[in-house]
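Have a look below at one chain only, the form predicted on its own, in structure tokens format.
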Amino acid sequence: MTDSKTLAYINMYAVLGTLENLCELDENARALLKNKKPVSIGLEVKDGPAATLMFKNGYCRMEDGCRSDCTIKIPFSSCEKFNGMIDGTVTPVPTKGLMHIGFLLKSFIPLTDLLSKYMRPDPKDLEDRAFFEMSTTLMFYTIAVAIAQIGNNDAIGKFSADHIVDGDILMSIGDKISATIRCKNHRLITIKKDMGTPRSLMKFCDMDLARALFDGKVNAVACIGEGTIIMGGMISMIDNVNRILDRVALYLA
């Protein structure tokens, strides 16, 4: 069972939030934003999440909340409507910034299409190593943020979060790709980097293993036994994060 409100939070912060990483890592994404004036898109969902995507100098940054000074504002009457925009069944209507509709059509939509190409790849594309690594990296960041959204909003996820003590949980692929799940008073936030001195950690030995796990092709418990997943620190934190992680696939399917 999943719910539309949790999915809306995942779509906002985990899916659209990964545009930050896409623009940072992919030159084709940056090319879509070059020679453009700074533009901000405010997204506001009734009884759901609100955030502002800011595009400047080829890069993207997400800020929590819909800024009053955003260039373009797109409100949604429900979580279902917002989720519909993400899956392509609902066409959003801006209430502010109609003169910037060209940015939506020529930059924003192509950016989200590029992200979808990486997140839902054609198996043939994954045969290219560079594409494979980019796809896996972006998927890692999306999953890391989705963990926090499920822990904060999904009924089953909140049950697991209620059993996580305060502190940082480091997730990483090797030594280069990292995210920190920070728990305070059983609320989770994801920081897309290693914040240092984690209370517990879970490291995937390499990109291929991480991808196999994300795709459900290998068993995490078996990998721990083989030493290809390294766990350390307070194991109860990792155990409850893994319970939340099991629900990520349901929402991102």
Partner chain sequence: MAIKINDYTKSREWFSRATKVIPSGVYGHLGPAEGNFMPVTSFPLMGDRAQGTYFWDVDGNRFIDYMCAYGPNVLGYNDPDVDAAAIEQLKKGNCMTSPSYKMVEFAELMVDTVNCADWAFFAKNGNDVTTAAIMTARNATHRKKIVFVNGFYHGVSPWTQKIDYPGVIPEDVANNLYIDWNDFDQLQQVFDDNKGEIAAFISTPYMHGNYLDNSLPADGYWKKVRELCTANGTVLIIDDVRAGFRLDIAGSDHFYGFEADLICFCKALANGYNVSCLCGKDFLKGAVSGLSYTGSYWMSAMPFAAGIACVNKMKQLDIPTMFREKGLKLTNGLKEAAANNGFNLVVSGEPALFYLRIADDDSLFIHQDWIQECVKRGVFFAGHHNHFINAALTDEDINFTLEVADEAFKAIRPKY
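Residue numbers count along the first chain shown, from 1. None of these values were measured; they are calculated from a predicted model.
There is another form of the same protein, the form predicted together with the partner chain; it is not shown, and what comes next is about it.
Asks: Suppose contact means a heavy atom within 4.5 Å; in the predicted bound form, does that hold for all of 127, 139 and 142 with the partner chain?
Replies: No, because 127, 139 and 142 lack any heavy atom that approaches the partner chain to within 4.5 Å in the predicted bound form.
Asks: For the interface check, one of 130-138, 156-164, 70-78, 113-121 should have non-hydrogen atoms within 4.5 Å of the partner chain in the predicted bound form; which one?
Replies: Contact-bearing stretch, as computed: 156-164.
Asks: Given that the partner chain is not shown alongside this chain, does residue 225 nevertheless sit within 4.5 Å of it in the predicted bound form, heavy atom to heavy atom?
Replies: Close contact exists here: in the predicted bound form, residue 225 approaches the partner chain to within 4.5 Å, heavy atoms only.
Asks: Just checking whether residue 25 would be counted as a contact of the partner chain in the predicted bound form - the rule being heavy atoms within 4.5 angstroms.
Replies: Heavy-atom contact with the partner chain at 4.5 Å: absent for residue 25.
Asks: Under a 4.5 Å heavy atom criterion, is residue 189 part of the interface with the partner chain in the predicted bound form?
Replies: Contact check for residue 189: no, nothing within 4.5 Å of the partner chain in the predicted bound form.
Asks: Would residue 3 sit within 4.5 Å of the partner chain in the predicted bound form, counting heavy atoms only?
Replies: The answer is no: residue 3 has no heavy atom within 4.5 Å of the partner chain.
Asks: From the list 201, 207, 66, 33, which entry has a heavy atom within 4.5 Å of the partner chain in the predicted bound form?
Replies: Only one option qualifies, and that one is 201.
Asks: Within 209-245, which residues come within 4.5 Å of the partner chain in the predicted bound form, counting heavy atoms only?
Replies: In sequence order, 221, 222, 224, 225, 226, 227, 231, 232, 233, 234, 235, 236, 240, 243 come within 4.5 Å of the partner.
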